[in-house]
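The chain that follows stands alone, in the form predicted on its own, written as structure tokens.
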């Protein structure tokens, strides 16, 4: 029994050390878990953020060398002032001015999800950049050609050596560098956050009323504090036979026309809205739920009652107050942070 207790004590000690080490990875000058956030899902133990890795990832993010025409960068479709979306464009643009079929989603708080893209077709942030790099309608390049260009460049072999201690740039380290930068894109300093963390800010009467409306009608999908539940849903948008949503990944009938529920953080900056960029203003988004939802295949059960569509019954004043609340989710520190800007 004494030996068993000794072994248990050693195991507890090891677990404590590992937990402390993990916490240290999640709390440095490049990445801090906000006090009102849960622990992230990204495996930082496999790719801890370092100054060298983060700065390398930022350089790669803004470098068109990743595209076949050496014109399109990640930052081309993900602009910082628009919370890293392609502001004003309903669909993503790529090489030769080609159009994708979906709206470029915002890049923020990615460390808290393991389902990426509108259809959830990527489950690991370290794999996500492969999709836009190799998509013929986006960056239109091959990974072998990207690596050839990077290894032949003047600067990148030195930068990868400093960041990862490697002499040859590989896909693994390319993805890890991009992940370090994208994981650093934490948005958690909106007025909402300051109110929740009791940092001296207070909601106005209209914002407080809008918060109540949000919790009554929106919070089941857009769960705090990330304002998404990282699930997939059909919210009554018109059906498009050229885009079947998550069905294209799973081939399950119940996934037809389901798309990932986006975060509402910085929502006032990320127009146009929806997976197809077909709604131009936040007022029209609210009107969609009040009046314009359609009875479509696999419409989410939250919009059904006794098998019939039930739109969100917001009054005009409730819709107005909801918009006031959504404005509190804008993080001006995030969109102006020079650490995230092209250097």
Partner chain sequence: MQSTDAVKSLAPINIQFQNMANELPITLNTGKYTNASGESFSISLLQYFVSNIELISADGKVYTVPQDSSYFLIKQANPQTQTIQLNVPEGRYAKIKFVLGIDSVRNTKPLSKRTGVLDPSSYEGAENMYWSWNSGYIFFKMEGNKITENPSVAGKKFRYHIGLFGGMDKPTLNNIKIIELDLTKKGLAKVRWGSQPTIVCTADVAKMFTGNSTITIDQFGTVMGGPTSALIANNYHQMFKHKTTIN
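Positions refer to the first chain, counted from 1. All values reported here derive from a predicted model rather than from experimental measurement.
Form predicted together with the partner chain: not shown, discussed below.
Novice: With a 4.5 Å heavy atom cut-off, would you call residue 244 a contact of the partner chain in the predicted bound form?
Specialist: Contact with the partner chain, no.
Novice: Consider residue 175 of the chain shown here, and say whether it contacts the partner chain in the predicted bound form, taking contact as heavy atoms within 4.5 Å.
Specialist: Residue 175 belongs to the contact set for the partner chain.
Novice: Decide whether residue 207 counts as a contact residue for the partner chain in the predicted bound form under a heavy atom distance cut-off of 4.5 Å.
Specialist: Outside the cut-off, so no.
Novice: Please determine whether residue 194 contacts the partner chain in the predicted bound form, using a 4.5 Å cut-off between heavy atoms.
Specialist: Result no; residue 194 lies far from the partner chain in the predicted bound form.
Novice: Select, from the options 157-165, 208-216, 105-113, 121-129, the stretch whose residues sit within 4.5 angstroms of the partner chain in the predicted bound form by heavy atom distance.
Specialist: This holds for exactly one stretch, 121-129.
Novice: Have a look at 151, 189, 250, 220 for me and say which one sits with a heavy atom within 4.5 Å of the partner chain in the predicted bound form.
Specialist: Only one listed residue qualifies here, and that residue is 250.
Novice: Since exactly one of 239, 201, 71, 143 fits, which has a heavy atom within 4.5 Å of the partner chain in the predicted bound form?
Specialist: Exactly one residue meets the criterion: 143.
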